[in-house]
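In what follows, one protein chain appears twice in different forms, each by itself as structure tokens: structure 1 and structure 2.
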Structure 1
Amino acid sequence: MTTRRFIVEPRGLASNRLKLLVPLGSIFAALVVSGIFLLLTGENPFAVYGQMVDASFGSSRSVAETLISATPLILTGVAAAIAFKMQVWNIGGEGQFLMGAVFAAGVAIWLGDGTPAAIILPAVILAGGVGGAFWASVSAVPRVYLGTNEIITTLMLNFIAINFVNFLIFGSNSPWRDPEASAFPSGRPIPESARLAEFFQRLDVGIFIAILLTIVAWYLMSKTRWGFAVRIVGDSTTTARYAGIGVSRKILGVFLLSGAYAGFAGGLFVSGPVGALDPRSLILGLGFTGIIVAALARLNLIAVIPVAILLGALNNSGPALQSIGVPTATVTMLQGAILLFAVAGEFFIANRIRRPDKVDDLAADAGVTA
């Protein structure tokens, strides 16, 4: 009796070409699947995709808006990649992003108009990182010292942060709320000296700060002794302990660094295009989208930059779809499809599927007859 089956076996060291082709294939497969759904709803997928490309890259204004959308995604993607590299599942980028925005706006309002830009701008950006790290510590400390599940705690803290930001603006008379906007509550504008300089359309220098911070994270993780120890812990905590590496300290440090990068994104968004702690402009799921960025970049910190620009283009194209009668939820569907295929792609990078040869069939038959 001959059995027909497939064998899944570890691939070993995947080639660089495969590592490049799989993410590209994931995007292509997501476009095909989303196109089928568009056809089923009566839409022309080529017209929809053409509108999305035009809205994202068709003019200097659209390119600027795409890069504005990509700026926080670069940092939330780096935040997720830093944590995931060490097998620390920080799903709290959204909450850490928002708490970074709270801290950044609070410091800007506290320092006030009289503070020189050379002082207030670094203080605001740094405060964003502190806010994100603080919010990450609420999950990191129990994870390290009590063994709690960081997936659950970081996920739940996202919703606490969302409701806290809404409370500061819509449910209280906090310093973050604009006292002159009584009929329609909104965030208090931060001082002009705390705003990032714009140089192209609405695009500000935050894009360069985000890229610089990404390079710093890459250097820290790839070129330093600390980063080497972190990679060992991520590969095997048993090996790390045997080598005398403080596993708990490394996990805590990576968790806080991840939170800080998500907080930096919040700080740059407040001091850049938003200019206030405005829930309607901040609660956009940018922390959750950062997870998609990190997955599609395969946790490569430098690759996060072009992937974030791609996802920023998708986010930027959403409103333009309404002009041709397509719901903006199409963008969310496409993002979800990209994430699913990216995760599936990781399986094929780590494993390969083959048909059994005759030796395998004979061995299987022997096992069956036995």
Structure 2
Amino acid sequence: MTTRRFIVEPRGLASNRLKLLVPLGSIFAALVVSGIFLLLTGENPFAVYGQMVDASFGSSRSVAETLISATPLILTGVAAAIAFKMQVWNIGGEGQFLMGAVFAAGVAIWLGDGTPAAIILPAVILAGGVGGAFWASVSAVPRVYLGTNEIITTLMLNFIAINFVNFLIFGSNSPWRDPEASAFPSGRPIPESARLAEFFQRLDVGIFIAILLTIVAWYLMSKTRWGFAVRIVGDSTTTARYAGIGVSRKILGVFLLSGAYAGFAGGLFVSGPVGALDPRSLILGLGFTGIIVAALARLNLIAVIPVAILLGALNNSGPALQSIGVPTATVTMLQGAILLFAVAGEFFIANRIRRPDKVDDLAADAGVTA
């Protein structure tokens, strides 16, 4: 009979102090471990970390660029968090993001030049949401009414959306493709009036729209009757049914809302920094990264905002690290380590690790229920 040295057990409710200390500790641990790795590969970890911060927050331009990268991640993060909270495993954010971009660019091109910004801008952003919700509905409807597994369908639909965007630009003379550059396939620029105004360096007002939409989602989920019902369904469908809540319709609603948010991200990206349905600029895995954002934010919709900014910064620091001579592989490892540690820290919030108590645990080891 071996005596257990440590016992892992679920914590009831973690204290707020712990919720702050654990993520901080995780990041610190990631920096230390990565630092040792950097030392072993002949890099100066302080110079490397300094460069990372410098590249993402060191100047007004780099702050603007970090926020540009964060904008779509905020919304794809909210999209994932809304769904996961309710145990709807929508991992189709990538496809819904792209479909949002397709709809947004389509509406912008269809309304055309000369449409006042007051009409075209809301239409374009709304179209993004509709596109995302539409693509989510392809998975949501069979999930709700036929019980199909949404993990598989949403995942597969991502690749269909990626190929569809490539087809619209590289494979056909679609209205999305720029006729001016017919020999060099690229997206047709959307009208100027459909572009979000830049107000600080290259940063456009999309960041405020993303934050506003996040607050709306938070309000909807936390402060309304609908949100309350949804949370009950998320906790237990049985309880919800007992309380007379229409479970199917709630799941459908959350699924579509989640898709719409990923679609909003696509719409804002098109009418913000990209300005066209450009596959090279859009297919970057922003929908997939949204899942990481949601996980790191512990599905808290408001926490998604700082986490998205942090990931935007992490993304932007990559090329800057290369420019001080850190190899690409090391950069990828470093970024991965920080994410891995941050997610792993979650374990320590959810679980407690302690030394065994003399009596109870020895009894437990002996197979006696205490």
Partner chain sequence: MKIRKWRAAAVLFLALALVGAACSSDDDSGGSDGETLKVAFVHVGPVADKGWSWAHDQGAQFLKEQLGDAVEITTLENIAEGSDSQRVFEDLASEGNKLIFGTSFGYMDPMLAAAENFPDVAFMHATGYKTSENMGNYFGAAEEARYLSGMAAGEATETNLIGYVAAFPIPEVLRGINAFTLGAREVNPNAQVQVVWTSTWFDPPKESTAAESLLDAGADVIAMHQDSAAPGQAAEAAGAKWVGYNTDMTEFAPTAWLTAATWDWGPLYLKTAKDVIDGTWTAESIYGNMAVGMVKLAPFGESVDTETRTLIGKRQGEILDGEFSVLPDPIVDQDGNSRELGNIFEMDYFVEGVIGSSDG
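Bear in mind the structure is a predicted one, so any value in this text is a computation, not a measurement. Along the sequence of structure 1, residues get numbers from 1 upward. C-alpha atoms forming the largest set that superposes within 1.5 Å between two forms make up the rigid core.
- Note that the form predicted on its own is the one shown as structure 1, not structure 2.
- Relative to the superposed rigid core, Ser34 undergoes a CA displacement of at least 2 Å between structure 1 and structure 2.
- Superposed on the rigid core, the forms differ at Asn44: its CA is offset by 4.1 Å between structure 1 and structure 2.
- Relative to the superposed core, Leu21 has its Cα moved 2.8 Å between structure 1 and structure 2.
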